[in-house]
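Next comes just one chain, in structure tokens: the form predicted alone.
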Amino acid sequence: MEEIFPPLENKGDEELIRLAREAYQQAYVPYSNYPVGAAARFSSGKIYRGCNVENASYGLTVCAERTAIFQAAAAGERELSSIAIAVPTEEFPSPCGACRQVMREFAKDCRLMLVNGQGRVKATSLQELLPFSFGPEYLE
């Protein structure tokens, strides 16, 4: 990895990044040709990967982040710890609003690593991307 802002926290970050980069290679993107991969770590320590899956009826397309998180939820996971999102392009990925809200369902805050095709990483947090968010605790 060429540049990292801020520095990676641990070897686990490197593993998430590697898995996210592998995941975008499985993306089904016949319309946009914009593959995205995600690797989400949950509090159990397990990692779930996902890629974007497009559909001819565009509204039915599912993003990589949601694919990974939904797999985790189906396996019983409930607490998202960190997630890496990778693309093969020069630009950095940015989770869409729907993905940010799905992340928020499983974490008040978590670490996000946005990875471009050159291996550069921008680290951020869910709080930074979704301030003043609405979450499950508001419905208790």
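All residue numbers are counted from 1 along the displayed sequence. Fair warning: this is a prediction, and the values are worked out from it, not measured in the lab.
What comes next is about the form predicted together with tetrahydrodeoxyuridine, which is not displayed.
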Task: Answer range among 39 to 47, 72 to 80, 55 to 63, 105 to 113 for contact with tetrahydrodeoxyuridine, defined in the model of the complex as heavy atoms within 4.5 Å - done: 55 to 63
Open item on the list: Residue-level contact is defined here as any heavy atom of the residue lying within 4.5 Å of tetrahydrodeoxyuridine in the model of the complex; does Cys96 satisfy this criterion?
Closed with: yes
Task: Interface membership of Thr89, tetrahydrodeoxyuridine in the model of the complex, 4.5 Å heavy atom rule - done: no
